[in-house]
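The chain below stands alone and is given as structure tokens, in the form predicted on its own.
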């Protein structure tokens, strides 16, 4: 991690798009018609803390957009909540849509491009009650919603994301059925958007580097290959060929899925360990390489920027945008190091031929992390009692990266001086 202190200049070619992101349920607050809100009310164990007002962005979006402009963001990745726009099946909330339109207009007026996610994991409770995407026939409800929404917002969007991380639901036969349904939902969403908009369309892929726990053990290596197939390669293969190939199920061909992106939308955080000795094929990280950045168990406990160098060149045929990359930490100086190292790795991947056109940091502000407010991913600190926003040092670092189009020698000297008292926690 501390090799950052010796890194050289990292400059990016022009044009290159710099931004940050957020998701509706995590920042807006009072998203009462979504399935996640229902699970929170039901006291599901995965949601020990309710989202409540979250960051109160639904009320404070005007100030937040001005803050983003001050941060020099060139693109903001946001999502629209289906459950706000269609809280009951077939009934649309004109006031909610009007508020979203005001957000989009304000972003455009401030010169901030919009990367719009149409489904960031959350959807209406009525859709969930019908079985959600677990039932393939329900994809038609999503198509109908998009046909209502997209024509009304098309003029404000510069990059489209149909689904967020649909490959992030586990490695088992039930998850594979869901993956195939979500691939179809993505492909049909892609076709709907293309009817109305010329802006590029994709769905974000959660890129995971699977590392064999025992590097030369043939069974651990096989486990890593299986996990890579199930979470990475099946999506790349499906887009390139239209063939949906996953374990324990017959392959399926879909002309709709083939070629149903205009760019690779990649989310990347760290690596995971693979072992043939466990039922789920996963393994804990090596303790010597773990860094507990918050006082809570979290999968973000290791820096592994090498994954960008190793994997991005495999995404060929379309340009690449990094749509999520970041870390949760209590000591913001760790985020500065994370940013510097991952941007350095990103540039190396580009040197190896990866056609990367932009980088969207996760996230603009601290938010509700699906059951907890402890993991703070934001460039901006949020006081969840008063909702006061405060730019962290990492926000100033990132703003200067955007202004200078990379990490200059001066920036390195200013922000990456030797650090001796970073806050980490014992495992």
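If you're wondering where the values come from, they're calculated on a predicted model, not measured in any experiment. Positions refer to the first chain, counted from 1.
The discussion below concerns the form predicted together with a small molecule, not included here.
Asks: Just to confirm the contact call: exactly one of 347 to 355, 191 to 199, 302 to 310, 119 to 127 touches the small molecule in the predicted bound form at a 4.5 Å heavy atom cutoff, so which is it?
Replies: This holds for exactly one stretch, 119 to 127.
Asks: Pick from 369, 59, 30, 400: which has a non-hydrogen atom within 4.5 Å of the small molecule in the predicted bound form?
Replies: Flagged contact: 369.
Asks: Counting any non-hydrogen atom inside 4.5 Å, which residue from 263, 269, 210, 100 sits next to the small molecule in the predicted bound form?
Replies: The option sitting close enough to the partner is 269.
Asks: Evaluate residue 362 for contact with the small molecule in the predicted bound form, applying a 4.5 angstroms cut-off between non-hydrogen atoms, and reply yes or no.
Replies: Yes - in the predicted bound form, heavy atoms of residue 362 and the small molecule come within 4.5 Å of each other.
Asks: Classify residue 172 as contacting or not contacting the small molecule in the predicted bound form by the rule of any non-hydrogen atom within 4.5 angstroms, answering yes or no.
Replies: So residue 172 does not count as contacting the small molecule.
Asks: Flag residue 79 as yes or no: does it have a non-hydrogen atom within 4.5 angstroms of any non-hydrogen atom of the small molecule in the predicted bound form?
Replies: The answer is no: residue 79 has no heavy atom within 4.5 Å of the small molecule.
Asks: With the partner left out here, check for me: in the predicted bound form, does some heavy atom of residue 240 sit within 4.5 Å of the small molecule?
Replies: No, no contact at 4.5 Å.
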